[in-house]
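A single chain comes next, written as structure tokens; it is the form predicted alone.
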Amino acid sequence: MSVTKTYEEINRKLKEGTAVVLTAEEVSEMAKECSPAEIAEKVDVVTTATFGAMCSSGAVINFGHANPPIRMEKIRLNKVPAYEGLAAVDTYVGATAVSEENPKYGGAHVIQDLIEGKDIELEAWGKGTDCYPRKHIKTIINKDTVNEMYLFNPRNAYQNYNVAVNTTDEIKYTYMGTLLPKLKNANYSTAGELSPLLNDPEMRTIGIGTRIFLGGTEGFVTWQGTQFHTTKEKNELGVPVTNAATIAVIGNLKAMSSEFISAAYYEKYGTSLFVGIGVPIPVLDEDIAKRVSIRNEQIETTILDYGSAGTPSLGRTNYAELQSGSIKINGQKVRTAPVASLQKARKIANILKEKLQAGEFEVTKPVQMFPTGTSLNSLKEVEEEN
């Protein structure tokens, strides 16, 4: 008889302190000796995590009104442009927005500074209206003075991501880090067997409303992430071998920690934000038990040449090989390096495990599942008329 569980049953056990919670790495190790049926019977929740650069991130802030009030039509936070089209004193500051004076300081740094309680210079301009007569303001804000301050990230936690290399004779500076010429290095990003969406590739438990660990506090999945697609490129285990699904997430920035939300600058590319995400996966049945048991050597990804037009594929590798420190590409040994932190991902997975075991966190059934059979569209150039 197959094992099946409900969210209600698992949450009751979590509150009672009787649930068995393992990290994805622990259950992968367990799977070497136990069948999916045995895992489904013994384990209630598996914690997954990732910590890496996620450019499609940002923060919504409400400053509060000045006296006299202003309708902000141009906004700068520590000289970083912030979006002014939300309302009079609302803004969205994106992680990759860059300071007008310092290209190494951007929206990601503003977000980290706010988390850490630092003062931020706010300067804004408006045309002046009958209800908002002020035309300019220059003041100081911080997380205690603003009304709302929440992280809202349109695209996080890629289900898988490619390996980046460079076959040309010149250094390439990319969002995957610096790529040395002639295949001198290979950079990768995903946390392998710990990565959230790789442990639930069909997204049976991850959807709109899923409660997650986000940046050091509780957050939620709000929608499928931008560039979400259910790729047909999968291995025999049904796991995508290139970037596929993503999630949009939200959480209270005032409660987050810069240990798990951290600004970064990539040379000659720009700023980005490292985001820590942890997702608990309830082991509802044997199929999910099998999915969360996946090991690094079973998770393949595609090697892409970022130096050549069209980023052609140079084959595949797996995360066991990537984490070993080197891979073979066309017979050549290439040194590998992560642009994400496996150490931080492990820490997040264990923090989430402890919160679940203490009854401080529960698994949430999605209110709506993600779409299936989706694909990606690309921009098409329109020929100009003579």
Partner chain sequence: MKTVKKRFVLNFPPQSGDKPLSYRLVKEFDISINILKAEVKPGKTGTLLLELEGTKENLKKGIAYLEENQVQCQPLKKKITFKQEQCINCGNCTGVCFTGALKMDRSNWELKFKPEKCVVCELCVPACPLNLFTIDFN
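It should be emphasised that the depicted structure is a prediction, and the values quoted were computed from it without experimental measurement. Numbering follows the first chain given and starts at 1.
There is another form of this protein, the form predicted together with its partner chain, and it is not shown here; the text below is about that form.
Across the proposed site, Tyr188, Tyr265 and Gln343 without exception bring a heavy atom within 4.5 Å of its partner chain in the predicted complex. Taking the partner from the other structure, its partner chain in the predicted complex has a heavy atom within 4.5 Å of a heavy atom of Pro338. Although the partner is absent here, Gln323 lies within 4.5 Å of its partner chain in the predicted complex, judged by heavy atoms. Residue contact with its partner chain in the predicted complex: Thr178 places a heavy atom within 4.5 Å of it.
Among residues of the shown chain, Phe213 is not one whose heavy atoms approach its partner chain to within 4.5 Å in the predicted complex. For the candidate set Ile208, Ile171, Leu237, Leu86, a heavy atom within 4.5 Å of its partner chain in the predicted complex is found for exactly one residue, namely Ile171. Shown alone, this chain has one stretch from 323 to 331, 57 to 65, 357 to 365, 33 to 41 that lies within 4.5 Å of its partner chain in the predicted complex by heavy atoms: 323 to 331.
Of the residues in 129 to 158, none comes within 4.5 Å of its partner chain in the predicted complex through any heavy atom.
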